[in-house]
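Let's start with one chain on its own, the form predicted on its own, as structure tokens.
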């Protein structure tokens, strides 16, 4: 038997949704449910190993070929980019990137350089470059909603699901930047070397989403 196909999953909600999908395909994910502190878990009847990692690390592991496949949000893919194939939109983990400002603020008025706070500087930069706008991007690690409230930024680019947090902090979405959902990514070499196995799994997944 070939060595197991390794699939890196983003810990948390995407991990749960992916495991539910694998179970829908008929695979026994008992080891993943009973993981304890283990981070590499067998799915023996699929000849697969699940590796649990942070979103950015999923991309790193797939890109470097230590994992054949990965499940990660489109947000991380857009921010990190990288050399791999993005093959399937899994349809769960749906949200969106949006531009938000203080309620009633006229963001597009005037010609001055706008300041944008975000956890996703590359996404924000490319969005405003496409508009031909000069912006200063400030990277924030924590609650990005604070930046306009403290007058650090004119607006924020962030992941929005319901918009409740924005509303509660007196902010509003003024423009959508890009839709986000979970994607299946595959290492470029793995796709060549294990083409039949990976194709078979992808066909199964596509029939069940």
Ligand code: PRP
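Residue numbers count along the first chain shown, from 1. Computed from a predicted model, the values in this text were never measured in an experiment.
The same protein also exists as the form predicted together with the ligand; that form is not shown, yet it is the one meant from here on.
Stretch-level contact analysis of 24 to 32, 158 to 166, 44 to 52, 62 to 70 against the ligand in the predicted complex, using heavy atoms and a 4.5 Å limit, identifies 158 to 166. When contacts are judged by a 4.5 Å heavy atom cut-off, residue 145 counts as touching the ligand in the predicted complex. Among heavy atoms of residue 13, some come within 4.5 Å of the ligand in the predicted complex. Contact annotation: residue 74 falls outside 4.5 Å of the ligand in the predicted complex, judged by heavy atom distances.
Although the partner is absent here, residue 114 lies well away from the ligand in the predicted complex, with no heavy atom inside 4.5 Å. Although the ligand is not shown here, in the predicted complex the stretch 100 to 120 places heavy atoms of just one residue, 119, within 4.5 Å of it.
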